[in-house]
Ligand SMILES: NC(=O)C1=CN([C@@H]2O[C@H](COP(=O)(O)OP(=O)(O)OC[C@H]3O[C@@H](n4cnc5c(N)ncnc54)[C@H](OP(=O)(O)O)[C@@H]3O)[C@@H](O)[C@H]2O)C=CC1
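Here we start with a single chain on its own, the form predicted alone, put down as structure tokens.
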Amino acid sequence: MKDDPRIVVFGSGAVGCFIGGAWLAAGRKVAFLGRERVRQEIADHGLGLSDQDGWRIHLAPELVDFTTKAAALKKADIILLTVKSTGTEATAKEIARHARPGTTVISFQNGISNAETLKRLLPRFDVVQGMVPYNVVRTGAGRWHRATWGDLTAAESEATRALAARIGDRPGKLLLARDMLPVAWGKLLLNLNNAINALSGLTILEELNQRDYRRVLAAAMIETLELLQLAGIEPVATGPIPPRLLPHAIGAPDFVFRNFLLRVQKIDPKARSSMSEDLAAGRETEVDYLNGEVVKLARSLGREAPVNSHIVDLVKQAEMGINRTWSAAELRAHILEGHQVVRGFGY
């Protein structure tokens, strides 16, 4: 590993621009690989970053090395892969074609299986699983805002240890984990809300302020936790509440939820899930890599996951333009009819 490795962010959208920009601000050598629209925005306005803790920075256009050409991967010592899970195989082909064998590839993607897919497709590369806990929203031309809290995590390796030390305790700090599977499942528990938020058509804050949406989320979480217990996987907390208590906090009455969880977990009023943005733009969503992972786990155990299966079906319908949005009461009635997961909690 070089003293100061060159990092290329492959998939420089909201998450990629925020992480790469934070690392560039921390003094790292970062280049961005993404779409022409984003390149032009940054060329015109520079790269602006902010978070809910009050951190703000603006990087002038000449400081941001942004390209749309995959040939930039040739110079990378570390590749941060931040593309949607639906694009993993296509980007793996670009990495294999252009990057040097032995290059470290950190998968900062949603879901459970992307790192394993990359290891299969890129056997000559050093593939590392990572996790992004926060939501990033675009707030204007060339500006991105971290809308929720948490720190990046990646599997511990020689490359990630050196990288974490170089970034330090700054925005974009990197935590390390020896076993990423429990970390990934802990994050996926929270990501189960992506689909519910997309089906609501609301901002995350507006959606979570309605208990019937939260009841659906709590039921999806409990179903997942039961399957994880059968599989012998103990998810790691990626927020202030232990995973086993999280659905009960989520499904609590409005007064308790608003005065406890919303006070602890700051959520930007404008934030929407990436799946909501995908539906609005007519793009394929990542639902197969989120709720679909729960369904896949259930099948591997000889079980069913009716709550998460119903959610997957509704998102697939929404991708085709059928019943795009659901009210809280409609969604609860449709998803939880006959599938009450925990007696006494009203989920």
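A residue's number is simply how far along the shown sequence it sits, counting from 1. Predicted model only: the values in this text are computed from it and were never measured.
This next part talks about the form predicted in complex with the ligand, which is not shown.
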Choose one stretch from 173-181, 250-258, 102-110, 156-164: the one whose residues place a heavy atom within 4.5 angstroms of the ligand in the predicted complex.
102-110
Considering non-hydrogen atoms and a 4.5 Å limit, which listed residue (T203, T224, S85, Q129) is close to the ligand in the predicted complex?
S85
Looking in the predicted complex, is the ligand within 4.5 angstroms of a heavy atom from every one of Q210, S309 and S327?
no
Residue contact check: E293 to the ligand in the predicted complex, 4.5 Å heavy atom
no
Given that the partner is absent here, does E41 sit within 4.5 Å of the ligand in the predicted complex, heavy atoms only?
no
Contact with the ligand in the predicted complex for R56, defined as at least one heavy atom pair within 4.5 Å: yes or no?
no
Hey, in the predicted complex, is R299 touching the ligand, heavy atoms inside 4.5 Å?
no
Under the 4.5 Å heavy atom criterion, name the residues of 163-188 that approach the ligand in the predicted complex, in sequence order.
K187
